[in-house]
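So this first bit is one chain, no partners, the form predicted alone, shown in structure tokens.
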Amino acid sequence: MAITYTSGEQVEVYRFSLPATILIPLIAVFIQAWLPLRFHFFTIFDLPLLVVIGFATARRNPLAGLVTGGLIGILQDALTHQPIGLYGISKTVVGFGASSLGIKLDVENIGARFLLTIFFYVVHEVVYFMIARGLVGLRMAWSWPHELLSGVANALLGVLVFMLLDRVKQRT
């Protein structure tokens, strides 16, 4: 479960086919919009965030991570009753950060993926909270225990999502 530093020459960069690039985020966003209505406990998970992290760490391109996070976040915003841009901005930050770290760290390791998902889940929630409270003026409460447990739950689901994404990624 060691996180190791890799040089630029050792980093493998992957891409996804056009259908996978379009369909996987769409499916993730629509599952995220539909499942919590049927199963309330699913609100703890953020499937689009896991897809952003998975795509960003595989592609290892900060610009691609930034765009992927922004587009998935805006699509997710469009399906909520919140102001447009809350998820867009927070997922853009995560996409950029995950792809930037993907260049420097070995993110193929399950332990590294688990820890990175917890870290980026918390970053996502902090950015979302700051924008919602500071810029939009929404009344929200923050609970560190809830956010950390949600991060662990998302990391467990994330390991499974990343294994599924590994099946469709292609070496460049």
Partner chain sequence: MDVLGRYRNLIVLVGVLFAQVLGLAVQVRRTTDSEPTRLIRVWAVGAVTPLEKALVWTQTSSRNIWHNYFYLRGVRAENRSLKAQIERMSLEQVRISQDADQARRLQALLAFKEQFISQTMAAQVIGSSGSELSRSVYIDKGESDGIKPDMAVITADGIVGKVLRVYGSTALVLLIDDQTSGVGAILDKARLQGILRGTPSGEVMLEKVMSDETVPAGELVLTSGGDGIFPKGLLVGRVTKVSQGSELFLNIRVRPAADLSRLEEVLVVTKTDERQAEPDHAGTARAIDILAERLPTVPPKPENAEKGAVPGTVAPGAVSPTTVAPTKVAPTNVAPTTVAPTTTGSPTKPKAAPPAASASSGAPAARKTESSVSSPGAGSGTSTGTPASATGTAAAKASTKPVKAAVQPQPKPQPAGQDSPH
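Keep in mind that what you see is a predicted model, and the values were worked out from it rather than measured. Residue numbers count along the first chain shown, from 1.
Omitted from view is the form predicted together with the partner chain, to which the following refers.
Peer 1: So in the predicted bound form, does any heavy atom of W144 sit within 4.5 Å of the partner chain?
Peer 2: Answer no; every heavy atom of W144 is more than 4.5 Å from the partner chain in the predicted bound form.
Peer 1: Is M140 close enough to touch the partner chain in the predicted bound form, meaning at least one heavy atom pair within 4.5 Å?
Peer 2: Contact check for M140: yes, within 4.5 Å of the partner chain in the predicted bound form.
Peer 1: Using the partner position in the predicted bound form, report whether A33 sits within 4.5 Å of the partner chain, counting heavy atoms only.
Peer 2: Judged by the heavy-atom cut-off of 4.5 Å, A33 is in contact with the partner chain in the predicted bound form.
Peer 1: Is L66 part of the interface with the partner chain in the predicted bound form - any heavy atom within 4.5 Å?
Peer 2: L66: yes, in contact with the partner chain in the predicted bound form.
Peer 1: Select from 83 to 97 the residues with a non-hydrogen atom within 4.5 Å of the partner chain in the predicted bound form and write them out in sequence order.
Peer 2: Residues within 4.5 Å: P83, I84, G85, L86, Y87, G88, I89, T92, V93, F96.
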